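Below you'll find only one chain, the form predicted on its own, shown as structure tokens.
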């Protein structure tokens, strides 16, 4: 997008006013559903061409039609209450419990880091150091500590999703305007009152940004835990299908898992729109 200067004449005898308007490029004015449909068609078309010309072995990459057929099979099993529904329910609980634990830990550490010099100087460096470690390597430890049940998967999911929430919360608390801080201080507000009534409401957009990043990572944590620590969820079904070279089943299970991840992300986005209704997130000049 570019800025275009437009001179609009005011009343006779007065100088012209300079108004800046934003020129919207064609690509930014395309409605969202058209853009998404175009990207989907290009993706499926490319996938079909790659498999049709056998650029990749069918054992590695199934055709879109084979994947669709298997998705129908998995969908029927889910709707009929088959064993896949039980597996999906287990994975869903791991994701929800892990995300809830990540929110509790992330918000607590975020307030500690954002509100206290001790948290920023002494705690944050350790959190950063832990986050830089390969989190997959912690899966065997969680299994050893918590067993092969759902607890180890919840712990790994929360472990992956916590740090973005910490960063988002701390950044949100630092986003408060300095004039607003001085106003609250002048009015004699306590530290807790300033936190609850000024800093948290002001920082909600950044906090929800951290929550959305965490919502994306929590699914990866739960599935990684099932891969490396056993279990009875969708991750175990994917592992078994991969060991049998049943790639259409692997693709279809992954796509259904993505729907669960999208549901969690959509719940966070919906909550943001209801709670932080005054804040609008945009990329470009127009929303469609």
Partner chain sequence: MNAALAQDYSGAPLGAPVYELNNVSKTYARNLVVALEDVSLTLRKGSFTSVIGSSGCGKSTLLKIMAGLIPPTKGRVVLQSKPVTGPRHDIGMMFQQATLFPWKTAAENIVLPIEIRDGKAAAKKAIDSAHDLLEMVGLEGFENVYPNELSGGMAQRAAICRMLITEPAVLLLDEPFSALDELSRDMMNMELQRICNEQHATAFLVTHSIQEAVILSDEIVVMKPRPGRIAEIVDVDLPRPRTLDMMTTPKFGEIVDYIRTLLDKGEDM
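Positions refer to the first chain, counted from 1. In this text, all values refer to a predicted model and were calculated from it rather than measured experimentally.
Keep in mind that the form predicted in complex with its partner chain is missing from the display, and what follows is about it.
Residue 189 is the only one of 136, 146, 189, 123 with a heavy atom lying within 4.5 Å of its partner chain in the predicted complex. The single contact residue among 132, 116, 80, 193, judged by any heavy atom lying within 4.5 Å of its partner chain in the predicted complex, is 193. Residue 270 falls outside the set of residues with a heavy atom inside 4.5 Å of its partner chain in the predicted complex. The closest heavy atom approach of residue 184 to its partner chain in the predicted complex falls within 4.5 Å. Residue 202 belongs to the set of residues with a heavy atom inside 4.5 Å of its partner chain in the predicted complex. Put simply, residue 198 is close to its partner chain in the predicted complex: some heavy atom of it is within 4.5 Å. With the partner left out here, its partner chain still marks one of 103-111, 90-98, 174-182, 70-78 in the predicted complex; by a 4.5 Å heavy atom cut-off that stretch is 174-182.
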